[in-house]
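Take a look at this single chain, the form predicted alone, given in structure tokens.
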């Protein structure tokens, strides 16, 4: 593990507030394949009414964690989702959970009405009338086939279906893969405005971190099958800081033991700190809150070596 990761993981995650229901509880979550360990004793919790970003590099264990949560793979350790064991209670669990992968993968032959009929037949918490109200805002017609739609229209159909499912947990695995930036923004904005409320929890995995940062309430960074960072967005803002430092202050900045350092323009450098004294940082230069993507890069340095 690199120095930055060691510094960040030294602090345990803040536990959920007393009395709050836990949507996902994982303790020692482990998944071993023949020649690899996908999950290595991962510990994390997801509370109700939260939008959680599960973020990590390729091969970090994101997809395996989602499969375990959805009851699609066996595992070792303790995992409860909505109080249920996904291995033994998957039928009951899936009445309360909705899983959406890449929105661009709807069958090209299927018609709008056929897609609605299918979901109505397999998900007990699907509200057909609500779905049709969403579709009424679009130009989609009941007999239109997916192959006749633009990518934007496919997004609209998928959103109408998703938002009509009254699931307590919505799991999104790279949901906007292959869509251009306009439709990606539309997807997340509609999700926030028309679907999410305090009774629902959303778990998102994505490589496009900067596009979901504004909707997240919590972060889970995963690396080598372990949780490298678990924090709320509020805690992140209070805990981590970046400082733009002039060349003559670089040694003083290094003396405060940053978790990351990178070059900036005009001979300046940017240092990232975990729980440093704000007054001492202010003497070094301009202080700001790091972006999620910059914090992710600092945490994962060395992963791709």
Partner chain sequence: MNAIVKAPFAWLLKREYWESRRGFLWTQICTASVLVAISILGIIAFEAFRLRNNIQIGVGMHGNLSDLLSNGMQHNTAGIVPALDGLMLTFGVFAAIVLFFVIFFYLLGALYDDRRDRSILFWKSLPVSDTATVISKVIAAIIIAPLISVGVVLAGYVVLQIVASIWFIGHGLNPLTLLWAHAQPFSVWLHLLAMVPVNAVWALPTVGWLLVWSAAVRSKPFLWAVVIPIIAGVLNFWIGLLGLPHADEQFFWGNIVGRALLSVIPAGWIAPNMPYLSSHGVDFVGQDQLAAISYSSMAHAFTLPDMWIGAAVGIALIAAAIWFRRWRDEA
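Numbering follows the first chain given and starts at 1. Take the two forms, find the largest set of C-alpha atoms that superpose within 1.5 Å, and that set is the rigid core. What you are looking at is a predicted structure, and each value in this text was computed from that prediction instead of being measured.
Although not depicted, the form predicted together with the partner chain is the subject of the following passage.
- Stretch 107-115 is the answer when you ask which of 229-237, 130-138, 190-198, 107-115 has residues with heavy atoms within 4.5 Å of the partner chain in the model of the complex.
- Taking 185, 207, 90, 80 one by one, only a single residue has any non-hydrogen atom within 4.5 Å of the partner chain in the model of the complex, and it is 90.
- Among heavy atoms of residue 217, none comes within 4.5 Å of the partner chain in the model of the complex.
- Under a 4.5 angstroms non-hydrogen atom cutoff, the partner chain in the model of the complex has residue 73 among its neighbouring residues.
- The partner chain is not drawn, but in the model of the complex it has a heavy atom within 4.5 Å of residue 123.
- With a 4.5 Å cutoff on heavy atoms, residue 169 does not count as touching the partner chain in the model of the complex; it lies far away.
- Against the partner chain in the model of the complex, the set 31, 86 and 99 is in full contact: each member has a heavy atom within 4.5 Å.
- For the partner-free chain shown, nothing in 235-251 comes within 4.5 angstroms of the partner chain in the model of the complex, judged by any non-hydrogen atom.
- Here residue 94 does not count as shifted, since its C-alpha moves by less than 2 Å between this form and the one not shown after the core is aligned.
- With a cut-off of 2 Å and the rigid core superposed, residue 186 has a Cα displacement that falls short of the cut-off between this form and the one not shown.
- Relative to the superposed rigid core, residue 146 undergoes a CA displacement of at least 2 Å between this form and the one not shown.
- CA of residue 122 to CA of residue 177: farther apart by 3 Å or more in the model of the complex than in the shown form.
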